[in-house]
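Quick setup: one chain, the form predicted alone, written in structure tokens, and binding and motion questions come after.
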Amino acid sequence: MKKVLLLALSLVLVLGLVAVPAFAEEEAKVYNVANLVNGNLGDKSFFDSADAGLAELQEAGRITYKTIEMGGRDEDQPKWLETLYEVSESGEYDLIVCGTYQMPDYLTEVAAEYPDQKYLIYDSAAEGDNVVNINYKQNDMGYLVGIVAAAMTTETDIDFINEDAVVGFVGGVDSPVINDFLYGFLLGALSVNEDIKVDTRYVNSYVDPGKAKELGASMIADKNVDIIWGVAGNSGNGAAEAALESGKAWFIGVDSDQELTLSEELAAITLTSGLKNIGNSLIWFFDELDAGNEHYGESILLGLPEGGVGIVTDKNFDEFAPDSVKELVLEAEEKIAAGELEVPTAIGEVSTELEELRDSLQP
């Protein structure tokens, strides 16, 4: 009898061990995502970076997603709120993603109406326990770009560089986020050359490359600018065209590695790019979700140590920048990452310091 009982118990244990993995190993959740673009893809920087991150997640089988391009003109703005309501009402999506400083008020309104819907906004911040805000230390990145521009602008052995220490900044809109890039840029440039001049102008649009081209051409012809940083989304590509057509200036890209996204001709005169790794930050967020860390109701700030921002140091930069310039950039990176160098920000409390600095450096 004991033998029969032991045999029965043994069978139960064996079957139990076989059965446990089948129930314990649940398949990872595949999230359905709506990516709302208050502009259009093809900007070669900001929105394309976000879409590339989502595409990588989809290719890995971790999400399915739909990108909805809502347009970036003034007349398109009513669509932004309308589309947010529509996708939220549909109940189809595990997560609704959007970005830019123009979306928080809309998102705060809609998130309150749909408390069970989850949202992510990048490069800005909205309110709600169902919203995660992801932002980036573009002031740190701007500091590195400012070092490059100021250090390179008098390297006259390099094509297109003249003797004048004058560089340019073409911003999309005079706003806190764009001015956060600018603040770092100005301070980084000053750290290299206290006599540097920076011609700062704004397009007042992220979808007007024609206007940015006019501004860039004027900088080059009237102020002898030989390096222009375009921080203006799709508009910034117009500044790159101005640099190319002049045959007298370099362009610096933003958000994405624009040597990989611009045409061959424009890539050839793109010295480097400041990186706002939006696509990587979205991948990071889903890594966190899968690890059980949701972050809804939180504001996340990603800098150099987390890979949230950076600068391109291969390709044209590696070929044309002297070792002395590379060393300056590396030194600043290490100091910022270690907390030894704190770059002021234009985000938050309004200060006149940036305006005064910006005006004082105009050529």
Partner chain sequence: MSQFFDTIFKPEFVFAIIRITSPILFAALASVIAEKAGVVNIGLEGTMMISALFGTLISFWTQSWLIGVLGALVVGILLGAMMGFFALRLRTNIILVGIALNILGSGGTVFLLYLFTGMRGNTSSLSSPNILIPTWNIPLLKDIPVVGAMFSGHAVLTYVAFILVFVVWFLLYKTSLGLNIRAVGENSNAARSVGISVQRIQYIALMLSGALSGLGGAFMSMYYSQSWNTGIVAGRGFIALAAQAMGRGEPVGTMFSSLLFGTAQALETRVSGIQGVSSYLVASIPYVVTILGLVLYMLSAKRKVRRLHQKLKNRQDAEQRT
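Each form is matched to the other, and the largest set of C-alpha atoms that superpose within 1.5 Å is called the rigid core. Everything numeric in this text was worked out from a predicted model, so none of it was measured. Positions refer to the first chain, counted from 1.
Keep in mind that the form predicted together with its partner chain is not shown, yet the notes after this line are about it.
Student: With its partner chain left out of view, choose which of 126, 278, 262, 186 has a non-hydrogen atom within 4.5 angstroms of it in the predicted bound form.
Tutor: For this set of options, the contacting one is 262.
Student: So which of 196, 103, 217, 269 reaches within 4.5 angstroms of its partner chain in the predicted bound form, heavy atom to heavy atom?
Tutor: It is 217.
Student: So, 113, 135 and 289: all three within 4.5 Å of its partner chain in the predicted bound form by heavy atoms, or not?
Tutor: Answer is no for this spot.
Student: Do residue 118 and its partner chain come within 4.5 Å of each other in the predicted bound form, heavy atoms counted?
Tutor: Residue-level check for residue 118: no, no contact with its partner chain.
Student: Using a 4.5 angstroms cut-off on non-hydrogen atoms, would residue 191 count as touching its partner chain in the predicted bound form?
Tutor: So residue 191 does not count as contacting its partner chain.
Student: Is residue 153 a contact residue for its partner chain in the predicted bound form, using a 4.5 Å heavy atom cut-off?
Tutor: Although its partner chain is absent here, residue 153 would stay clear of it in the predicted bound form, with no heavy atoms inside 4.5 Å.
Student: Contact with its partner chain in the predicted bound form for residue 256, defined as at least one heavy atom pair within 4.5 Å: yes or no?
Tutor: Residue 256: no contact with its partner chain in the predicted bound form.
Student: Go through 103 to 111, 87 to 95, 238 to 246, 137 to 145 and give me the stretch that gets within 4.5 Å of its partner chain in the predicted bound form, heavy atoms only.
Tutor: After filtering at 4.5 Å, what remains is 238 to 246.
Student: Judged by heavy atom distances of 4.5 Å or less, which residues of 221 to 241 approach its partner chain in the predicted bound form?
Tutor: In sequence order, 221, 222, 223, 234, 237, 241 come within 4.5 Å of the partner.
Student: Superposed on the rigid core, does the Cα of residue 37 end up 2 angstroms or more away between this form and the one not shown?
Tutor: Yes, because once the rigid core is superposed, the C-alpha of residue 37 moves 2 Å or more between this form and the one not shown.
Student: Aligning on the rigid core, do we see the C-alpha of residue 101 shift 2 angstroms or more between this form and the one not shown?
Tutor: After core superposition, the displacement of the residue 101 C-alpha between this form and the one not shown reaches the 2 Å mark, so yes.
Student: Closer or farther: the C-alpha atoms of residue 261 and residue 102 in the predicted bound form, versus the form shown, with a change of 3 angstroms or more?
Tutor: They are closer; the C-alpha distance drops by 3 Å or more in the predicted bound form.
Student: In the predicted bound form, do the Cα atoms of residue 261 and residue 101 sit closer or farther apart than here, given a shift of 3 Å or more?
Tutor: Closer, not farther.
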